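We begin with a single chain expressed as structure tokens, specifically the form predicted on its own.
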């Protein structure tokens, strides 16, 4: 007999204490329990700062470290009572049972008392929770460079479940009609009530692939790549690789992980892009002794992934400023080495799915001060689609933020810069 509440609490504990992405733990959940566990875990991660404050208000002292699982069971139970349509008695009974079985009888009694108070004060607690920012202090530190209003809006965007975005090879309007999807200005289809990915029409026909609207913009910003040799660095799982192939580029895709690269190959095969050349290799190693030069290099660089919290809210709690600083060091090395693989006059497109300006705006400013042989090629609205609000900065770089109003329910946070090697 399965125990989805206990499974969820154990996974939440592992995510937060071992800093593991939820996606890497989903295989531990049975197919039967996955819908419930997925909803519960994501709800906890999105509202964790408020849930912790609510729980602490009912405790006279902290729960001992040896009983941390009991704390996660309580946090999950409070989330379920406040935000999920579950019978309250079922939440209380099973949570108390789980705590007694995994911890001790005293904590079971405490849990029973706490959860009954939560039920009695539900409306008051919901109002209290709405006033608590979902952004932990460690994540706010990552947002240096944004003003208070922007940070508040970023916080609001944490709570909302993102829709499914897909990129279509061609004839987006046809698939949009079949799926009742919106067509965003860049051509992305947005599905608000999507079934499982494999159940969306024409999946098996290789007509489309999953890709957040913001993630589609770097390749669009590259312009016309038809017939050009393009090096796609850190390419897996292949969303941008597929875009390049669809635009007629001659693509060489690299990734350090052989397993992730195999996923890319499978994705390209489903989409009918079997001509893409792949190699499992560290990008920095490849660049330092590049065997050939390319018309364009796409460096979708390894980063803190802090811009993906809409779909991966765990990053709010497992990433900090030091993660961004460490990734920025690697990004700098990769940027410095790209020249070895780029023809004179070629395009270097740099992008990161990070909200941290250390990895975006500051990274490129530092790079251009050091490298006088590159210049920014301003990205235009015609390149990435005409949007109601400008995503483009004064110097022609792109910064997307999760609360962007031109696409209902927003987008991930990316930084994008297009440069040309001029010497």
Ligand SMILES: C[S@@+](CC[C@H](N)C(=O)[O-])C[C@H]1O[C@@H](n2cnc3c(N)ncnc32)[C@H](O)[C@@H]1O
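Being a predicted model, the structure only gives us computed values, none of them experimental. Residue numbers count along the first chain shown, from 1.
This protein has a second form, the form predicted in complex with the named molecule, left out of what is shown; the following refers to that one.
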Location of the named molecule contact in the predicted complex, chosen stretch of 310-318, 235-243, 191-199, 88-96 [non-hydrogen atom, 4.5 Å]: 235-243
Under a 4.5 Å heavy atom criterion, is residue 300 part of the interface with the named molecule in the predicted complex? yes
Does residue 333 make contact with the named molecule in the predicted complex, using a 4.5 Å heavy atom cut-off? no
Partner proximity in the predicted complex: residue 349 to the named molecule, non-hydrogen atom cutoff 4.5 Å: no
Any chance residue 288 has a heavy atom within 4.5 Å of the named molecule in the predicted complex? no
Which residue, 281, 126, 140, 113, has a heavy atom that falls within 4.5 Å of the named molecule in the predicted complex? 281
Of the options 168, 256, 220, 271, which one has a non-hydrogen atom that comes within 4.5 Å of the named molecule in the predicted complex? 256
